[in-house]
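The chain below stands alone, shown as structure tokens; this is the form predicted on its own.
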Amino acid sequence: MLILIANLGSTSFKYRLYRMAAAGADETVLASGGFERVTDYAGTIDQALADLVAQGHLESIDDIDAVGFKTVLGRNLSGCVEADERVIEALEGFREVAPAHNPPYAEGIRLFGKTLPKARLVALFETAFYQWVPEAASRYAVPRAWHEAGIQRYGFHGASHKYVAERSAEMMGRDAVAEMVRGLYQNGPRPVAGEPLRVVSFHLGGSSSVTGIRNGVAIGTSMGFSPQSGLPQNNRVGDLDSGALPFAIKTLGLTLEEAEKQLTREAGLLGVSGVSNDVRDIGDAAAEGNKDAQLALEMLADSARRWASSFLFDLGGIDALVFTAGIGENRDDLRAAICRDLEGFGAELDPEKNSACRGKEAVISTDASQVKILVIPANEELVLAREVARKIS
């Protein structure tokens, strides 16, 4: 079957065409491409489909069996579901919470529905991996009316953390756990024989999150109601005491809209470093002695460590620490900072293996380390293609 993965941003459109077969017998990327500074999604989608035909990847756009969407956050809806009007309504219901993602995906689903009427449309919500987090870990202590309005900890980067859950189980010889994770969205969690596999997954990139995973199922995560929370993000604040917002508004003479803009566009690593929202630029400035840049990197590592430690009691120990996404895969300095002084917990980073690892799958712990430290490159598009294939099969 041919599955098109559509990634829609506020001003961008990227795609990847997969040929998929049952049971993972074929998972071939046939083509990929993208457009920036998009102002007309209808025209852009038509151009992308025309390119796929012109390049010989398709005889006709009707050859596409399904289109998959990595939707972010839906009101009263999660999981891997048919991308129909119910999904569009869920996206519209939380458009103010995820303004850069929900409106483009709602429009994209409508447009693909008109352009490819024969194709199945499937949405995989980023919140799907956290459907089984215990209520005590997902609920905020807010008034009941707030909770009933949908304010709770949802979690994001679900496709990335699910890939880590599956691939780390395979790398550690826990095939039964990996098999359970593969069918998680169709069958739900199920008991797996043997000692539990306890993983802490660090998705570190333009936005970052840490998730605790037991036997392939998330038990908690650092991101909450919106992608603004958790670790300090590239230009978003991360965790912040709710009392700081009204204080800043009154003290600095800001409107709510101005304060929200500063917290979501001018804060995070950019706000601390004063240099950039890109860790590569911040790292260069830190190497040249910029104290604010050094502090930004220290804060990112410190927050990642604190969130990882918050899962320790519920996991009952750790079998693997996994790094993924752009920063996690490529920054050996941040991996070393996060893994500092963990020998007492049985986690020993191998400095040579760590420094040699750039963007590739590897074990970077010492041979004697009781806790495996792994680098697993992110592959969210493949996760989505697999889930779409399972959904339509």
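Residue numbers here begin at 1 and follow the sequence given. Computed from a predicted model, the values in this text were never measured in an experiment.
There is another form of this protein, the form predicted in complex with adenosine monophosphate, and it is not shown here; the text below is about that form.
When adenosine monophosphate is considered in the model of the complex, only one residue from 298, 84, 278, 170 comes within 4.5 Å through any heavy atom, namely 278. This chain appears without its partner; in the model of the complex, the one residue of 205, 108, 271, 224 with a heavy atom within 4.5 Å of adenosine monophosphate is 205. The stretch that touches adenosine monophosphate in the model of the complex, counting heavy atoms within 4.5 Å, is 323-331, out of 56-64, 33-41, 323-331, 343-351. Contact check for residue 358: a non-hydrogen atom falls within 4.5 Å of adenosine monophosphate in the model of the complex.
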